[in-house]
Each structure stands twice: as structure tokens, then as C-alpha cells.
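Have a look below at one chain only, the form predicted alone, in C-alpha cells format.
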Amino acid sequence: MEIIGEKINGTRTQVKQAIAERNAEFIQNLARKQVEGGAHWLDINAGTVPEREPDDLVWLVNLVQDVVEVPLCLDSANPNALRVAIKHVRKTPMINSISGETNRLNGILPIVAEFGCEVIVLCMDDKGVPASVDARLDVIHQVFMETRRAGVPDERIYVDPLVLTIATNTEAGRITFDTMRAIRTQFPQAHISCGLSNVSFGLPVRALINRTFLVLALNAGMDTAIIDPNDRELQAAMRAADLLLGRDKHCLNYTRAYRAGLLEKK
């Protein structure tokens, strides 16, 4: 299970303020803590207006790379910002993201292909997020036709089936899990990624819902998640699920986490 640390995102109030004030210490502390928590990638999202985003994204990239060595996940729908920022990365980054939307495919897929990046594919098109499993798979098939045509191998693709808010559609979780299982069957070389927080929006005890969703998603085939790596209870649930699903050889990851005191509340 790979973790993409989610915290350096300009849509978060404190991060937005840190970017505006050029508070380097705040951003670098976020980076360090996420890597210490087990992040394999760090998502970097400036979240600023298009004319400012290239400069802001480069500032974030350089700051983070000065204090951690994990690869970055450049998170932007702005091709210009991505092209500027990618010149400053020291390790080949992941791109977050492309989708079935025409503008994203035309603007971002060439960057992915040119620089040999891994890429997150969102299961949506110009009409939005499809309501059914079959409709989502149609979008994914179309995107894979384009990524293969561009020379991007399936193993560099991280498909995000997109989970909608369960409070407004009680079938949202099941649709996501069924989509994951179908992707795992039809595109066995590809990865499956997902962000968790949207599923619990509007409901009480959101952390409980997120942890349970994570465990069920792992069982459905997810192998990468965009999460807060410093959420100890979420991490503990992930390690226990990997163990029970036979993905933790000799129980090493679980027992190491136990010895490090990571499986119980502080």
C-alpha cells in the first residue's frame, strides 16, 4: 500500500495563508511530518489563480525538496503550471491528474508522456462523474485508449474511481468498490488510487467512516491512497487490513509498526 500525503494543498486555509505569506517553515514542517508518518509521495497543490500558480507551485516544489527526498505528486489542472514546475523536480513526479475531460487530456497527457510520469486518472469526463459502474468504466476505457496511444504504460496509471458523498447517495460506496474490482480485473497492470475524505462529508464521526472505507477499498483492489499519513488510527487500520488480505509478507510491516508504537493511541 502506497501513501500520497495530502496536506500540502492550497485549498486548506492554513496552507493557503502560508503560500500567500511565503511561510517556508510551515510548509517544510508539513512535508517532514508526512514523510515521518510514512508517505511515499507528497501531493503538492498550490491552489492559486492560474496566473500565480506556476510561481507558487515552483516555490512549494523547491521548499519541499530541500527537506525530504520522496518523489512529489504535482497536483494541478493547469498545464502551464505543470510544465514550469516539472523543470524543478529532482525525481520524476506523479501528475495529479488527467481524466476523460477533453481539456485535461489534451493539455496534460502530453506532459505525462514526455517526462515519463506516473499519473492519476480521475473517473470523470466533460459531463461530470458518471452515476453507474458501467458508465465509469466507459470513461476509463476511453482514457486508457489515449494513454496507450501516447505511449504511457498501464503500470504508470493510478485510476481514481472517485467516491461521492455517502450522505447524499447511500450507494456511493458500493459503486466505488464495484468500479475498483472491475478496474483490477480489466486493467491488471494499473494501480487504483482514491482520496477518502469526500465519502464522509456531512456526517458525524467522519474519521470512523473514512477508516472503514479504506479497509473495504483495500479489499476491492485499491493499492494507493491520498490520505493524511499522520492519522494514526487510519494507518493502523490500513496495516491490519494489508495483514489480513495477505499483502504483508511474514507480517513484517505490522510487527514493525507495533514495535514503533504506531498501532495504538498515544
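The numbering used is simple: start at 1 and walk along the sequence shown. Since we're looking at a predicted model, the values are computed, not measured.
If you look for the form predicted together with a further copy of the same chain, you will not find it shown, but the lines that follow are about it.
Visitor: To test your reading of this chain, name the stretch in 22-30, 198-206, 46-54, 62-70 whose heavy atoms come within 4.5 Å of a further copy of the same chain in the predicted bound form.
Guide: Every other range fails; the passing one is 198-206.
Visitor: Have a look at 127, 148, 174, 88 for me and say which one sits with a heavy atom within 4.5 Å of a further copy of the same chain in the predicted bound form.
Guide: Selected option: 174.
Visitor: Judged by heavy atoms and a 4.5 Å cut-off, are 219, 243 and 258 together in contact with a further copy of the same chain in the predicted bound form?
Guide: All of them do, each having a heavy atom within 4.5 Å of the partner.
Visitor: Does residue 213 make contact with a further copy of the same chain in the predicted bound form, using a 4.5 Å heavy atom cut-off?
Guide: Within the cut-off, so yes.
Visitor: Classify residue 131 as contacting or not contacting a further copy of the same chain in the predicted bound form by the rule of any non-hydrogen atom within 4.5 angstroms, answering yes or no.
Guide: Output for residue 131 is no: heavy atoms all beyond 4.5 Å of a further copy of the same chain.
Visitor: Do residue 166 and a further copy of the same chain come within 4.5 Å of each other in the predicted bound form, heavy atoms counted?
Guide: Yes, residue 166 lies within 4.5 Å of a further copy of the same chain in the predicted bound form.
Visitor: Test of understanding: in the predicted bound form, would residue 264 fall inside 4.5 Å of a further copy of the same chain by heavy atoms?
Guide: It does: once a further copy of the same chain is placed as it appears in the predicted bound form, residue 264 has a heavy atom within 4.5 Å of it.
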